[in-house]
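First, one chain by itself: the form predicted on its own, in structure tokens.
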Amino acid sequence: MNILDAGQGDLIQPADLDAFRKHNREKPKAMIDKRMTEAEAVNRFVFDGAYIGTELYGTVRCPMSLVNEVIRQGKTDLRMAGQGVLETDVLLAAHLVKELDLTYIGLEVYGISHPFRREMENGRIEKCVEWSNAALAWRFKATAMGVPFLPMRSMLGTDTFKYSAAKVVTDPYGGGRVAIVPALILDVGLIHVHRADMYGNAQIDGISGFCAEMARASRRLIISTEKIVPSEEIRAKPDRTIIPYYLVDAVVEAPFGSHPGEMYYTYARDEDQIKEWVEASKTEQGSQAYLNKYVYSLEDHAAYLDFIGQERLEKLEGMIAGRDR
């Protein structure tokens, strides 16, 4: 293949697709009970130095109960696909991330990430490689398809390409220029969904993002869910099952598992707490005080929900119910 140009970024997570396919073939296919707590799932599958990924964008469906547990357990030297916002922000503030395949980390209308800036300026992030949102999603898609790379036009002629690990090649069919992005395999994927059964069959309401591709690009996959439902409920609408059980290693029941983020059709995001984090994250001292308040001092997600309070959570549910009316 005729390589015309190459980004200057390092390939943080080279993909061995044959080994990954072998791993998937050897995964148990029996429908077994995979219910665990956050602590059990993180302790079992997330390890120091793991390459992890979260899903979705912004504060939507972010797997906060799982990420908070990663922080409690102090999993260090993590490498990750920095495609989320809130969950990546708090992981950076906890000084747990060593390398990033980055798209964007910020708080949207509230501006860019203060912890990310500090981690970069202090040298705690050792590698940061840039990609477009589409590029990272298509890297997952390449893995899901079992191919080493996918062609795309996105990033051509941009500085994002310059600081990526993508390449530009000659189209072997038409002779033009096309970018190619390499497959990306996660050691551990973390995804929050609306409902799942105890085996891991998972369904999502509203935008599905890139969870189908990411689930199929994860060696280990931890699903947190607003509720665990009987398999009969899943089977009643099989077309809604975007993540099948055989991809899943752990199922964690986590009502309000995205809080302070939002869950489509279920609850709104907690704007007051988001603002609290934005203000706190401006300084190292403020970030640590926030983490002490909402993560380190609380034993688990149940304790977190008790701390937030039922009245506040019901108000967030009511905001969605009001829109539905």
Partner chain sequence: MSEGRYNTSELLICTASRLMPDKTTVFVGTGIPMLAGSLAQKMHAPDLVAIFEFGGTGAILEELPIAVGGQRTFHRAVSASGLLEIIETAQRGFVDYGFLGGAQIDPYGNLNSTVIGDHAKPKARLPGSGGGNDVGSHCWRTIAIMRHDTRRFVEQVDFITTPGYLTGPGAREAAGLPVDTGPYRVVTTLAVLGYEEESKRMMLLETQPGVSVDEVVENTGFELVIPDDVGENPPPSDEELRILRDEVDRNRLYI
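Positions refer to the first chain, counted from 1. Here the structure is a predicted model, which means the values were calculated and not measured.
Keep in mind that the form predicted together with its partner chain is missing from the display, and what follows is about it.
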Going by heavy atom distances of 4.5 angstroms or less, which of L186, A250, L96, A137 would be at the interface with its partner chain in the predicted bound form?
A137
Testing 70-78, 250-258, 142-150, 220-228 against its partner chain in the predicted bound form with a 4.5 Å heavy atom criterion leaves exactly one stretch, namely 142-150
Considering only heavy atoms, tell me if E213 and its partner chain come within 4.5 Å of each other in the predicted bound form.
yes
Residue-level contact is defined here as any heavy atom of the residue lying within 4.5 Å of its partner chain in the predicted bound form; does Y264 satisfy this criterion?
yes
Please run the contact check for D306 against its partner chain in the predicted bound form: heavy atoms, 4.5 angstroms, yes or no?
no
Looking at the partner-bound form in the predicted bound form, is K29 within 4.5 Å of its partner chain by any heavy atom?
yes
Output the sequence-ordered list of residues from 221-241 with at least one heavy atom within 4.5 Å of its partner chain in the predicted bound form.
E232, I234, R235, P238, D239, T241
